[in-house]
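Heads up, what comes next is one protein chain in two forms, each shown on its own as structure tokens, labelled structure 1 and structure 2.
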Structure 1
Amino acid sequence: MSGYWAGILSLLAINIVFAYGIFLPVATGQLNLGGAGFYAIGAYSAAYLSFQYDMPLVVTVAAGFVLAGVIGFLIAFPILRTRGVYLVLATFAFAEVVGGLILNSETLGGAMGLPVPTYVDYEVPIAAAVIVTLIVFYIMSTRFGLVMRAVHDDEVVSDLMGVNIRGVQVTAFAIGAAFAGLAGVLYAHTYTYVEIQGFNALMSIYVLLYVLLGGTQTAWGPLAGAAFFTLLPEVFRAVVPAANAFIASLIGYEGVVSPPDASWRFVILGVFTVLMMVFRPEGMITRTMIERLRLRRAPDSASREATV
């Protein structure tokens, strides 16, 4: 496999793990804009242990996963006392605090960042993405997943039915933080260098877009959203110059057709994003879509059994 496709697959796998880290809190009705903070915690813990103590991969993965999860659990109690836009601002402020602490820490390299000696190829992020995906699908199929959806749909009714809303939200937030930390660990070992400037507010916004536009009603949503936003810019990288040449030939232009600026593919991606918000406000994959697909498959299976 070429280095280009290995890099794309690694990035896709990391984005899927990161998206599931944000999906779990969102599935309980909490908009988490602090993803970059947990991502940075995982990445820097792996980088520090690998660079300073030459720890093996299994230790850095466990450390980043557990540390981000524990911090997520501890801050969930004060942060989840807020609601709506204040919750969004509180999680955003957490990410900014983490970034500020790392930026002013000489131990963590400050603005210069840290090198990461241990490199992992694309097989490791892909394996991690598969495992995390299966875990999230399992969680959403259990009684706890059903309670998460109930809390997301109506907190008041869930409370009346005896659901421990705070416990469900804190658990989902902590597990999501651990997955975001794991994504950071994979990022550190894949790109072998971490610097805090890369863990900014845009990162938190992008991963939240993966989840919201992919769909928050089922576990398929983050998978679709991460794949869409990771792969589509690469598709446009090949399609946009070809479309430019086709249009030039269509209008009879016979001169040299220079390729369009690379930024055009992000302009087109922005247009696609706005159109999706307009025509699919509940996301690409919804619960209704999944149920319709199941209903279509059910009569087909029944007819095959009757034939046999």
Structure 2
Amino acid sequence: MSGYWAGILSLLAINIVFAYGIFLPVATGQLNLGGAGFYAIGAYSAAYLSFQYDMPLVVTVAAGFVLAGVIGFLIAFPILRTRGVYLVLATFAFAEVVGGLILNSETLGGAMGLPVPTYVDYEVPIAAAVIVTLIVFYIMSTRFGLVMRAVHDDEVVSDLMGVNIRGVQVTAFAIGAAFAGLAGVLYAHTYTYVEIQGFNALMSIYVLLYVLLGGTQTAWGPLAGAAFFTLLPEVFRAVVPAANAFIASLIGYEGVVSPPDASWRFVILGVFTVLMMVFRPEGMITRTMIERLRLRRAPDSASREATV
């Protein structure tokens, strides 16, 4: 396998793990715009342990996962007291504070960043992505997943039915934080260098968009969203120059056609976002779509139609 595809596979795997980390809180109705914060915690804990103490991969993975999860758990209590727009802003603020603290920390390299001695090839991120995907699918199929769905769809009714809403939300937030931390660990070992400037607000925005555009109703959504938006730029990289050259030749222009700037793919992501929110606000993959694909009507939809 060429290095190019190995790099794309690693990136895809990391993005999938990260997307699941944001998906879990969002699936309980908590919009989390602080992804970069947990990602940075995971990446820096792995980098620090690997660089300073020369720890093996198993230890750094476990440390990043647990540390991000614990911090997510602790921060979830005050943060989940807020709701709606306040929650979005609080998670956003959390990520900024983490970024600022790391930037000012001498031990973590400050603005210089940290090198990571341990390099992993694409197999490890892929394995992690597969495991995380299976775990999330399992979670969504358990009773806890059902409760998450209920909280997402209607908090008040779930509360009346005896669901411990806060418990569900805090748990989902903490597990999500741990996954985002794991994605950070994988990032650190794949790119062998961590630099806090990269873990900015835009990164939180991108991954939240992956999740929301993929769809938050089922565990397929983040998978589809992350895969789509990771692979799309690669497709564009190949297709757009060819299309440009074709159009240029149509109007009689001969010469070198420059490939599109990386900025274009973010413009395209933005256009996708706006159009999706207009035409399909539930995301690419919805629950009804999955049910249709399985070639069976959901038992409850038949009864719902009968009563309406």
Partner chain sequence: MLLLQQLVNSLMLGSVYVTVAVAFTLTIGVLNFLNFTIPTLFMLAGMVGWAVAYWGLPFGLSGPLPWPIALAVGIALAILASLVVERFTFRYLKTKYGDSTEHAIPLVSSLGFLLIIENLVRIAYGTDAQRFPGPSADLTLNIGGVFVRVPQLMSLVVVLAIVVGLTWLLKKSALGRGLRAIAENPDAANILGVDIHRIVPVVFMLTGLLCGLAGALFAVNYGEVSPLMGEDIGTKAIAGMVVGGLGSIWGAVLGGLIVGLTETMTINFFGADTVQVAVWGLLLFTLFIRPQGLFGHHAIGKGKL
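Just so it is clear, the structure is predicted and the values come from calculations on it, not from any experiment. Structure 1 provides the reference sequence; residues are numbered from 1 along it. Note that the rigid core is defined as the largest set of C-alphas that superpose within 1.5 Å between two forms.
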key: Of the two forms shown alone, the one predicted alone   = 1
query = Met276: with the rigid core matched between structures 1 and 2, does its Cα shift 2 Å or more?
reply = yes
